[in-house]
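Only one chain comes next, encoded as structure tokens, the form predicted alone.
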């Protein structure tokens, strides 16, 4: 006789740690909402609502539009080119370069972070069987952890202290952080591949590096490209933010215009940055779909 759903529910495994963790998180959220330093009631005060109304009706509306001299569309089209267009191009260029450098470094690190490639004691065995790596493999994984733990903004700030161009500080900060992520993801991709082709290359006398690149590289490439485009979208978004450090991108002009109190220009620049991220996401989605066939 089959068990009822009530019996199955009572017999299901229970993780007390997960339950206590969820309860603790709920209590913290309740504390932040009611007893914490944030005054949520002030958000809906008359003064706040008046400021919001003035912001929406005056500050973000271009003076030409308020006077009826032009339309929103004509005003935005006039400003998308020139300085703003150049900032958009520089933002995209920094993201492309940072993603490419991160992918190259991540591919090199993956050969060592994988438990079946260069760092494995027995090359090209199944990861769940091998499960062991030497000192070099452990060091590579720790390096990836350290690289992806570094905040891009702080790294760019430090690099900008001695690099002549703040654009390179932004690019290198993004590439370092994302190389740590891709090095781990690329390595796990190599672990999950069918190891028999590479093992055959190795048995035929091919060095480990040759077997890994020749037998595993083509098989891993589609998944690697998927991970690359996911991180590329992040680089596009973060390159906008890093413009606040002086790199002449969208973020740089957002900071300048906000300091000048021109919130109509800020709104346009933020919209351009959002459109760039959406375009990058759509392009990467189309390429990933084409790769998967």
Partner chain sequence: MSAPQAPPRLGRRGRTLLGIAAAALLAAILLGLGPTGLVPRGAGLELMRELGGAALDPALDYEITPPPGAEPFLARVASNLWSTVLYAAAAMALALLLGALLGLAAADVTWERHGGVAPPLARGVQWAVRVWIALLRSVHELLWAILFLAALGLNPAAGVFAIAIPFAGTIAKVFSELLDEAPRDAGRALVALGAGAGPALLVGVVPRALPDLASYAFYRFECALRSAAVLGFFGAPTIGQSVALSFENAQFHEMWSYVYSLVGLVIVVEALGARLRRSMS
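We call the rigid core the largest set of C-alpha positions that still match within 1.5 Å between the two forms. Numbering follows the first chain given and starts at 1. All figures in this text were calculated on a predicted structure; none of them were measured in a lab.
The form predicted together with the partner chain exists for this protein as well; it is not shown, and the discussion that follows is about that form.
task: Spot the stretch among 107 to 115, 195 to 203, 70 to 78, 139 to 147 with residues whose non-hydrogen atoms come within 4.5 Å of the partner chain in the predicted complex.
output: Answer to the contact question: 139 to 147.
message: I'd like to check something about residue 270: if you look in the predicted complex, is any of its heavy atoms closer than or equal to 4.5 Å to a heavy atom of the partner chain?
response: Yes, residue 270 sits close enough to the partner chain in the predicted complex that at least one of its heavy atoms falls within 4.5 Å.
- prompt: Given that the partner is absent here, does residue 229 sit within 4.5 Å of the partner chain in the predicted complex, heavy atoms only?
  reply: Residue-level check for residue 229: yes, a contact with the partner chain.
field: 4.5 angstroms heavy atom contact with the partner chain in the predicted complex for residue 93
entry: Yes, residue 93 sits close enough to the partner chain in the predicted complex that at least one of its heavy atoms falls within 4.5 Å.
- request: With heavy atoms only and a cut-off of 4.5 Å, decide whether residue 151 touches the partner chain in the predicted complex.
  value: Within the cut-off, so yes.
query: Within 145 to 179, which residues come within 4.5 Å of the partner chain in the predicted complex, counting heavy atoms only?
result: Stretch hits, in order: 145, 146, 148, 149, 150, 151, 153, 154, 157, 158, 161, 162, 163, 164, 165, 167, 168, 171, 172, 177.
task: Could you tell me whether the Cα atom of residue 282 shifts by at least 2 Å between the shown form and the other one after core superposition?
output: No, because once the rigid core is superposed, the C-alpha of residue 282 moves less than 2 Å between the shown form and the other one.
message: Once both forms sit on the same rigid core, is the C-alpha displacement of residue 48 at or above 2 Å between the shown form and the other one?
response: After core superposition, the displacement of the residue 48 C-alpha between the shown form and the other one reaches the 2 Å mark, so yes.
message: Rigid core aligned, does the Cα position of residue 30 differ by 2 Å or more between the shown form and the other one?
response: Yes, its C-alpha moves 2 Å or more.
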